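The structure tokens that follow cover one protein chain in two forms, given apart as structure 1 and structure 2.
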Structure 1
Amino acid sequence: MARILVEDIKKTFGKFVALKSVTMEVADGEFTVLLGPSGCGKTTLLRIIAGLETADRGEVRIGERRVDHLPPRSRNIAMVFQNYAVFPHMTVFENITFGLRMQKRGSEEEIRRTARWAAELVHIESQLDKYTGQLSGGQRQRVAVARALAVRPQVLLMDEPLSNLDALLRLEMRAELKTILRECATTTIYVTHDQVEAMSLADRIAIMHGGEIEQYDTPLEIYRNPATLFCGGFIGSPPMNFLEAEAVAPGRWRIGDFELAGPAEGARLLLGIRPEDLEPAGEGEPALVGTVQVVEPLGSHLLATLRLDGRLLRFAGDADLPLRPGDTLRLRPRADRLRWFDPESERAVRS
């Protein structure tokens, strides 16, 4: 049993606050993805959990143990470093077996077998005798992943482990990682920039922004119900549309000439709507009316950018829609997919 509990972690570097107050629980065997823009503190949080950095305040538990004061090697973890940190003076084989040898785990025969298993998982078994200095960046990265997998840790921390692989290999390894880690019930925290990777791998995603976790939930829930403007704008490609709405009566809101039902409270709110949750409106129906600016046929669907009272609105529709730049398009948001945000606090408002 190795759940991870991070509570009220704060970390500063000099005057710079890297983590404000981070609280997060990763259940035993769960796959959590840390997703956020560059510099938001993902690596810092991972390093604190690993014990490579000391938090200013707060506590970290792994399993039932409080580990704040334990050195990294006593925390029962393995880690894939963002910059790989594979040892240049050792061969690929020696790198992969490093953890097993340090922890004196198993006979020589078992160690060899595990190393081969790990190397095959990341397709590096033909390079076992090479020094890592002779490898490409992507190969080195895979050695780092194999080194971590080889110790079969209870807790695995991975800092952008696939960032340097080509698209095809990344897709393949992503699927394999997910399978293995599920089989081994490894509690995993996985850092990435790539939202597709996050959505496809995670049991739960933690969206980080400016040293805080803004939302921590299942991929679908984050997609459907972003907790903040940032989450809505960060997840989804293209991101959620935000339209300014004015209250006309309690529970009635107006965007330009379009009126719709919404939350009872407030005078000004932002309506959040995903591009694919807009539908062409019939004649005479109330609608958002815009001028098509750009049309991007993407094969599976069609993406249009509209101008609407000086704002841009993205719409994803059927690939066969006969749209051309300059056309006027009437759109209606799906009523069950409306999300409302307070522009002041930037947080979601329940409707």
Structure 2
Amino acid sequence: MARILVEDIKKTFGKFVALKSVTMEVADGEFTVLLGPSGCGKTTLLRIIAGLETADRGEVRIGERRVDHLPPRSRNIAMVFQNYAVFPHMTVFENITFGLRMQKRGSEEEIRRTARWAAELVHIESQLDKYTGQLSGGQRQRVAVARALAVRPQVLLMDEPLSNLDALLRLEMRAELKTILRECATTTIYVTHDQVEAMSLADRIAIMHGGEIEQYDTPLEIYRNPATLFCGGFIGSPPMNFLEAEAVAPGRWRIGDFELAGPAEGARLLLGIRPEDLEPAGEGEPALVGTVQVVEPLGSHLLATLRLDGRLLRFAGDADLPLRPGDTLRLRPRADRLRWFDPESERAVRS
């Protein structure tokens, strides 16, 4: 079993509280992504699990073992770093077999067989005799992944491993990485600030903000039902729209001249609606009415920014929609995609 349990982890650096009281569980074989902006604590949490940092409080368990008192080499983990951390004076083969030799894993023949297996997984079997200085950034990152997988760890930890690659190579590596890790069935924790990486790779995402986990769930559930204003605004490109709503009767809310159904309690709430969950309304239908400020054609769709009673509203519509700046646009939110938030607690309110 390679289940990871992190319980009540707190970490401070001087007066700065990096992690407040973090608890999470990663199931055996699961791919979990720690997602959040810079400084939210995600890399600190990863390093505590790896044994590269010591928590002020709390426990880390891998399988049935408590490991927070053990050095990294005794935790049966492997780590892939942002800057590759491959050895330039070694060949690709020597890099991949480095961990196996350090741990004295098997005979020379077994080590060679394992190196070939790991190299084939990441498609660098033809580069084994080259020095890593002769390789591209993408190839060096493949070497780092192969080296980590070669020791067959219980847990694989990855710290923004694709961030130094260009956009096209990152897309290619993302797809390959997902396939590789599914085949290996290794429990993985992956750190990134890129929400597209998180959404496409993860079985579950832990969204971190201010040293805490704000929501820990499947990508689709977080996208559809964000637990906080921060989650709604951080996930999605463009992010969720938030509109101030005023209660006019129990269960009825008004935004400008537009009324709609919602939660039965409260005087003021924020309505969260994603740009793609707005649709053009017909004449005479109740609608949110705004003036188009900017139109951005994006190929598969267009993104329009409207001004609505002094606030900005983003709408993602059909690419062929004839919109120009200055046009008046009437929009209707999809009733099944409305999300409500308390402006004080910033947490979701169920309607």
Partner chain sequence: MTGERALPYLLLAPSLLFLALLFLWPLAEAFLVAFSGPGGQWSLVNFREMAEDLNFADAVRNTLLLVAVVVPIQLALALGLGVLLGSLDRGRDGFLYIWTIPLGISDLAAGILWLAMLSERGYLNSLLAALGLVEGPVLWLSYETPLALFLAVVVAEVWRATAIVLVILVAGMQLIPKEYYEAAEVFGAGAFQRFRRITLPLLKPSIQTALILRTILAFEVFAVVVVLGGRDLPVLAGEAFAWQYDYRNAGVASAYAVLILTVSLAATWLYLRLLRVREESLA
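Heads up, when I say rigid core I mean the largest set of C-alphas that superpose within 1.5 Å between the two forms. Numbers follow structure 1, counted from its first residue as 1. In this text the structure is predicted, and so the values were computed from the model without any measurement.
- Matching each structure to its source, the form predicted on its own turns out to be structure 2.
- Once the larger rigid part is held fixed by C-alpha superposition between structures 1 and 2, the smaller part shows a rotation of 16 degrees.
- Fit the two forms on the rigid core and the C-alpha of residue 147 turns out 2.5 Å off between structures 1 and 2.
- Here the rigid core is superposed, and residue 127 then shows its C-alpha moved by 6.0 angstrom between structures 1 and 2.
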